[in-house]
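There is one chain below, alone, in C-alpha cells, taken in the form predicted on its own.
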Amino acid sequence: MELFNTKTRKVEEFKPLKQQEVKVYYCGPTVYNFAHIGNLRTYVFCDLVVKSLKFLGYNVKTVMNITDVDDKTIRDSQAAGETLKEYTEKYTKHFLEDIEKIWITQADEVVPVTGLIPEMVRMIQTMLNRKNAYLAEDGSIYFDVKSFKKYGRLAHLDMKGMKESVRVDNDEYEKDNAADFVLWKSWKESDGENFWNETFTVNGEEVVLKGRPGWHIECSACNMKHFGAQIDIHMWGCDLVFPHHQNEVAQTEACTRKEFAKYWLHSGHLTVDGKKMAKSANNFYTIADLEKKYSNIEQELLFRAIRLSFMNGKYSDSVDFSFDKIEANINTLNKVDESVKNLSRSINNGAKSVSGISRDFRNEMQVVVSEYMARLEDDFNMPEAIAEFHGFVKFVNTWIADKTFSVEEEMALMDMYETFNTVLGIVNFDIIEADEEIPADILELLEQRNAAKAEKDFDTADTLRDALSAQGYKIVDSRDGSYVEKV
C-alpha cells in the first residue's frame, strides 16, 4: 500500500509502527456553528481512509477531538447568551447527527478537549522545564519556536527570516506571521466565566495562571492521552497544515523527543461551482440547507448522493460541488438501487441456470476484488475505485438480464455489493426489504392493470397505473413481467 505523505511530499509505502494496531488521528470540529459541506467533505475523506485500511486488513484505532473551547466558541456562546458547555454540546450533537447522515462512522474515541486540561497542563509544564516554552509578561505561556530546530518542516517553511521576540496568541494565522505561539492564554475580560486556574512551575517558582489552553495544544494532549508518544497517521484538510499541524509537531516532539506522526494526509479544498465557498458569495451550504432544497427527494438517497459527490475526486485535489452534480449522483444511485433490487428479485425467484458457482465466475470475482483493492492501495484512489464499482454494476445488469447466473452466483454478487459498500457507503440494502413488502391491495391493482394491458384495454391500464402512482407506487415492466415498487 502506498500513500502521499505531506511531510516528505512523496508517495511512500505504508509501514505501520506496529502490526497489531494502526493509530489514526484526525482533527475534530470547532463546535461553534453547524458544519458546512467543506468540513463534511474532509470528514468523508477521513472516513474513507479508515474504512479502506480496515478493509485491507489493518487493525485500526481512531481518535478525534471536539474543540469546545477556543476564540470562536467563547465569542459565539456569549453572543447567544448560553454557557460554553450548553452551546458547544448543542453543536456537537448537530455535527454527530450530520456525519451519521452521510454514512461516516464515528471515531472510536470522540474527545471534548475541555476534559483534557490536566494533560495539557502536564505537556506545557514539560515544555517549560525543557526551555521550549516561556511565561510572557502578559501572563500567557508561549512556545519558543527557535528552540525547536525542526520547526517548519511539515509546512515546508523557510524560517531564516523569522523575526525575533514576536508572538502570536490568535488561534489561526498565516505563514507570513510565523512566530512563537500561545500554549496557555491568560484570561481577558472578554473570556467571561471561561477560564481555569492552573499551577505551573516557572524558573523554580510556582505560579497560578488564570486562563485557558491555546488551540494547538489541544490535539497534542488528545493524542498523548489516547495514543502515547507516536501515531501512524494524522489527517485532515490542507488548511490545517499551518499553523495547527506544524504546531502540533513542535509541541508533541518537544515533550516526547520522538517522531510524532509517521504519515500526514491532507485533503484538498471544496469549491462550489468553481468558486471558493463563502457566505458573502451565497454559496455556503450545510446539510440542513441541502435537505431544504431537496425536500422532494428521499433524504436517505440525498445523503448518499452528497457522500458520492465528495468522493468523486482524488482526496488531495480540490473537489467542486454543484447542484447539477448532486442531481446526477441521485440518478446514478437510483440505477444502482435498481440493480440491487433486480438482483434480489432474481435470487428470490430462483435461478434459471444450473446450480453452483463456476470456475469462470469465481475467477471473475477474484479479478474484481483484486482490482478494487489495488485502487484503494494506490493512495486511496477513490475515483478509480468508484469506476471499478460502476463496472461491476454494469456486469451484474448485463448478466442478470441474460439469466446467466445460478442462484449461488447471484448470492455471491449480492455479497460483492456489500464488499464494495464496506468502504464506499453508497448502497442502501434496506431497499431490498422494502421492495418485498408490497401490500395485497397494491398487488391486486397490479394484476388488474396487467390483465387490462394483455386485453389491450390501455385506457383502463393507464387508469390503474395512475391509481398506483397516487398511492406512491410505480410499475416496472421487464422481460420477466411487471412488478411495482414504492417510489
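Fair warning: this is a prediction, and the values are worked out from it, not measured in the lab. For every residue, the number given is its place in the sequence shown, counted from 1.
If you look for the form predicted in complex with adenosine monophosphate (AMP), you will not find it shown, but the lines that follow are about it.
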query: Option from 89 to 97, 197 to 205, 378 to 386, 236 to 244 whose residues, in the predicted complex, bring a heavy atom within 4.5 Å of adenosine monophosphate (AMP); finding: 236 to 244
query: Among the candidates M277, M365, V111, V145, the residue which, in the predicted complex, approaches adenosine monophosphate (AMP) to within 4.5 Å (heavy atoms); finding: M277
query: Sole residue of T42, T62, T67, S52 within 4.5 Å of adenosine monophosphate (AMP) in the predicted complex, by heavy atom; finding: T42
query: Partner proximity in the predicted complex: K72 to adenosine monophosphate (AMP), non-hydrogen atom cutoff 4.5 Å; finding: yes
query: Partner contact for G38 in the predicted complex: adenosine monophosphate (AMP), 4.5 angstroms, heavy atom; finding: yes
query: Exercise: G268 in contact with adenosine monophosphate (AMP) in the predicted complex, heavy atom 4.5 Å; finding: yes
query: Heavy atom of Y58 within 4.5 Å of adenosine monophosphate (AMP) in the predicted complex; finding: no
query: Those residues of 378 to 403 which, in the predicted complex, come within 4.5 Å of adenosine monophosphate (AMP) by heavy atom; finding: none
